[in-house]
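Before any questions on how it binds or moves, here is one chain, the form predicted on its own, in structure tokens.
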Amino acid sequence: MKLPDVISSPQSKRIKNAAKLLKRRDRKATGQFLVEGPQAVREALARKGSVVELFITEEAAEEHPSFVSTAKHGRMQCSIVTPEVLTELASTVNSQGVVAVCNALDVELTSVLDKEAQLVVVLAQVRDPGNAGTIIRLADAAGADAVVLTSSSVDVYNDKVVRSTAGSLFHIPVVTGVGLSEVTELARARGLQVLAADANDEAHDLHHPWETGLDLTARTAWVFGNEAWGMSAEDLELCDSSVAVPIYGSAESLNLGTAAGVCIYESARNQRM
């Protein structure tokens, strides 16, 4: 297969334009973001209409010939770049030779919070990119219907978020920029219970729901709060119940990603029983 011409200068207009997407304001202005690494790029290419442009080193193109052929057949712009040029687009030390420019993926809240939704994950004021990406990946693995990030949460197209999803960002619908009250009100109107993951004094024990009448087989929207301070009293008021993951050992607490994984999978397991 004949490869495209090589871009060897970081001053190339296409390289400079793509590099701007490392900044949030430019992602927002263009409605595009960068995806780095073979796994994430493979998932992006598999989702029709996601990839706009592909930058790949000659070595990576030889290792992943399907990337170039998929881009060619999909009429996407594809460029071979030198490793030095690729560093202008990469946010990691080792980018593994491929970066894609992709269209933003977020969808409207009403399109995912419908009468068919069984399990929805809501991130309220979650600021850490690694946590957000991990929870998106967890939601995908557990078969959730969607992930919602409130307007005060991290940018879902932040490079660390995208990388932490390991490609799951292209599998599961994502909603951004909405208020928690809007999410909880619509979820309830569509028949979902709204559960807050929070270890307050009134929280239900996740592993003994029958003692407090909590129904984990029901259609559910799980709400996870900020890493440092959890959920405010005002946000908890917007939810139907709060639920805590029990700690049987001496650990002071669980990190957000771990707690979210336990809660999401507990609902997924019960809903499938």
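Residue numbers run from 1 along the displayed sequence. A quick note: this is a predicted structure, and the numbers were derived from the prediction, not measured.
Missing here is the form predicted in complex with a further copy of the same chain; even so, the following discussion is about that form.
For the marked spot (Lys13, Thr87 and Asp155), a heavy atom within 4.5 Å of a further copy of the same chain in the model of the complex is absent from each of the three residues. Although the partner is absent here, Asp159 is not a contact residue: none of its heavy atoms lies within 4.5 angstroms of a further copy of the same chain in the model of the complex. Under a 4.5 angstroms non-hydrogen atom cutoff, a further copy of the same chain in the model of the complex has Leu138 among its neighbouring residues. In the model of the complex, Trp229 stays away from a further copy of the same chain, with no heavy atom inside 4.5 Å.
The closest heavy atom approach of Asn17 to a further copy of the same chain in the model of the complex falls outside 4.5 Å. The partner is absent here; in the model of the complex, the one residue of Lys72, His171, Arg188, Arg127 having a heavy atom within 4.5 Å of a further copy of the same chain is His171.
Figure note: of the listed segments 107-115, 76-84, 147-155, 163-171, the one touching a further copy of the same chain in the model of the complex, with heavy atoms no more than 4.5 Å away, is 163-171. For the stretch 253-273, the set of residues having any non-hydrogen atom within 4.5 angstroms of a further copy of the same chain in the model of the complex comprises Ser253, Leu254, Asn255, Gly257, Thr258, Gly261, Val262, Tyr265, Glu266, Ala268, Arg269, Arg272, in sequence order.
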